[in-house]
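To begin, one chain is listed below as structure tokens, in the form predicted alone.
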Amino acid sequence: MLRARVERWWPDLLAGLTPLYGAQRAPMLAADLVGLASAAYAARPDRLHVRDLERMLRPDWLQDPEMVGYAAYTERFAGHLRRVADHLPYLRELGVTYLHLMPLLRPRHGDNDGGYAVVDYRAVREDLGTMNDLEVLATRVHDAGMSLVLDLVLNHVAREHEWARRARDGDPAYRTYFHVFPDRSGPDAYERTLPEVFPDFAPGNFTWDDALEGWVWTTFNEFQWDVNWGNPAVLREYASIILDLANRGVDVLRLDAIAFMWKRLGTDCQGQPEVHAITQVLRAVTRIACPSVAFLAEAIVAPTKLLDYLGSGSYSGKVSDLAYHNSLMVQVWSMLASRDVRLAERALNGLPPKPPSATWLTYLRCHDDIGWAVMDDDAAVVGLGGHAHRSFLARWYAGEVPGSPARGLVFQHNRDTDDRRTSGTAASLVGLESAATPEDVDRAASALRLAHAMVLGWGGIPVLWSGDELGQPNDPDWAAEPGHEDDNRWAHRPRLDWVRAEQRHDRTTVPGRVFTDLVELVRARTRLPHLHGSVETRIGPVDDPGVLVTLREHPVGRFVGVHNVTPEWRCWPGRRVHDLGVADAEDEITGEPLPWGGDGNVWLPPYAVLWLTTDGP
């Protein structure tokens, strides 16, 4: 079995290593990585070998419509790794089969960028448990029919990490693990084309370190040192870390900050071709030792660059298995604010098809802020100004536009470019927090149901952020927690309100309304093979700018999603219904017939959603 895997993945190892380190060094480096993978294979528990075999026999397991995700911070969801297992029945009730526990590998003390400044990849945060606790939880998660997802930060380590400590102590080998410059000439040359990720609290991309006697590359914060992937020793270190986590039962690794890994003068140092070569190598090593483990690319990049992280050209099918569909998230919120689907039709239909073996990860929001990634060209085609629309969205979701019910927060306002991002829970952004009357509540809850339906009905793996299933609003005390006061993203990372969760079956309450709506959508999704992740979704003709129609052509039949993105009744022309072959269909979510009007058209109530299917040819 192992020999067959080595033969299968050896060409991918060589093909990835050669552009990184040269044709002469590549075979030796590949042989070393195979040795690393072979040792991990030998040490892998039998139950995980069985899992490998099961998933090799079902390679599309990530694309199954039964895949539904949930993301949470361990401490804010359950307090401790040991107590997460106690809440697995709650997640199963919701239909969750993919559990993402946000960064829990040991970070630096104090400010640590929400856990993304890792000081030890082989230990768990002390207050959350131990690596043994993680292994026990992974087994419980597997027994509950779920997959466990963890973050792996690839671009940087905490300055207190052992590699950085040894570099500061003068070890020349570890100094080469980082990008260190003796003076400002190098940093200044790079800075001419580098953007700032956190202009408010971490301007610039380089930090002086007295012990190093040099400037070290720090893309995100001065305490996060970018590692030098041009050094093959760094790649070997991370390969070893991946194999260790895999053997502890982790099923999916979210490759954090993947876009920033390779540096090239004169560019923005994001998404360079070498990033995909590195991912190909790491994936090949993983496939040899533990083929049931998948990669999720955390690449929040321009839509035109997104497909590269799922594999294009020579990297097609050889890099990450999953990537965030950031464009869909942005367009869902844009449609709800503008009450117009034409920009979404242009932007989403403009994306090239993904590799059939890869899968989108769809989401309404995540732990991070929302960056309004609207392309100027797309906006211009539908008569909008890109900058003006981005500004409108940021102001709408901050509640600054008359008529907006949103209660989001502006995050990282760049005064020079007027770029503004947005923080907020789904409930606060959609208007549940500000709802003052039963009518307001109904309108906001209906809009939230619609938004979730667009995410759940797109295909791929939809992921819910903890608290959104209960309609939790922003945490009003987010700034009171030490270390959080300068980062309003903590407003949309509230601790799960378990008292609120007790109301989840009572539809007269907001938690009950939101939770039962979601369960209904998830159950409908799992019944529909049309939503298999291998199938592409495209936007159908726009007959009414307030109605989005999604189309999926699966061998079992056509899927038609119909979405009224406005708080008004809208018309879907009867001729279009007949053309698509769904005139006699019933809504797969509710079982209700189409709401035909006396004029021969389908009339959609405010924020209505229909999932319609046909039989195959």
Ligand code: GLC
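Keep in mind it's a predicted model, so treat the numbers as computed, not measured. Residue indices: 1-based, along the sequence shown.
One more form of this protein should be noted, the form predicted together with the ligand, which is absent from this view; the next part is about it.
Problem set entry | Option touching the ligand, based on a heavy atom within 4.5 Å in the predicted complex, out of Tyr90, Trp208, Phe198, Trp498 | Checked against the cut-off, the match is Phe198.
Exercise. From the list Asp440, Asp368, Glu191, Asp506, which entry has a heavy atom within 4.5 Å of the ligand in the predicted complex?
Worked result: Residue within 4.5 Å of the partner: Asp368.
For this session: Although the ligand is absent from this view, report whether Arg489 comes within 4.5 Å of it in the predicted complex, heavy atoms only.
Result: Yes, Arg489 lies within 4.5 Å of the ligand in the predicted complex.
Exercise. Gln224 near the ligand in the predicted complex, any heavy atom under 4.5 Å?
Worked result: Yes, Gln224 sits close enough to the ligand in the predicted complex that at least one of its heavy atoms falls within 4.5 Å.
Exercise. Hey, in the predicted complex, is Glu160 touching the ligand, heavy atoms inside 4.5 Å?
Worked result: Output for Glu160 is no: heavy atoms all beyond 4.5 Å of the ligand.
Problem set entry | Partner proximity in the predicted complex: Phe220 to the ligand, non-hydrogen atom cutoff 4.5 Å | Contact with the ligand, yes.
Exercise. Of 256-264, 74-82, 514-522, 305-313, which is the one stretch near the ligand in the predicted complex, taking non-hydrogen atoms within 4.5 angstroms as near?
Worked result: One stretch meets the cut-off, namely 256-264.
Exercise. Among Trp9, Arg248 and Arg287, does every residue place a heavy atom within 4.5 Å of the ligand in the predicted complex?
Worked result: No, none of Trp9, Arg248 and Arg287 comes within 4.5 Å of the ligand in the predicted complex.
Exercise. Of 572-595, which residues get within 4.5 Å of the ligand in the predicted complex if you count heavy atoms?
Worked result: Going through 572-595 in order - heavy atoms within 4.5 Å of the ligand in the predicted complex - there are no hits.
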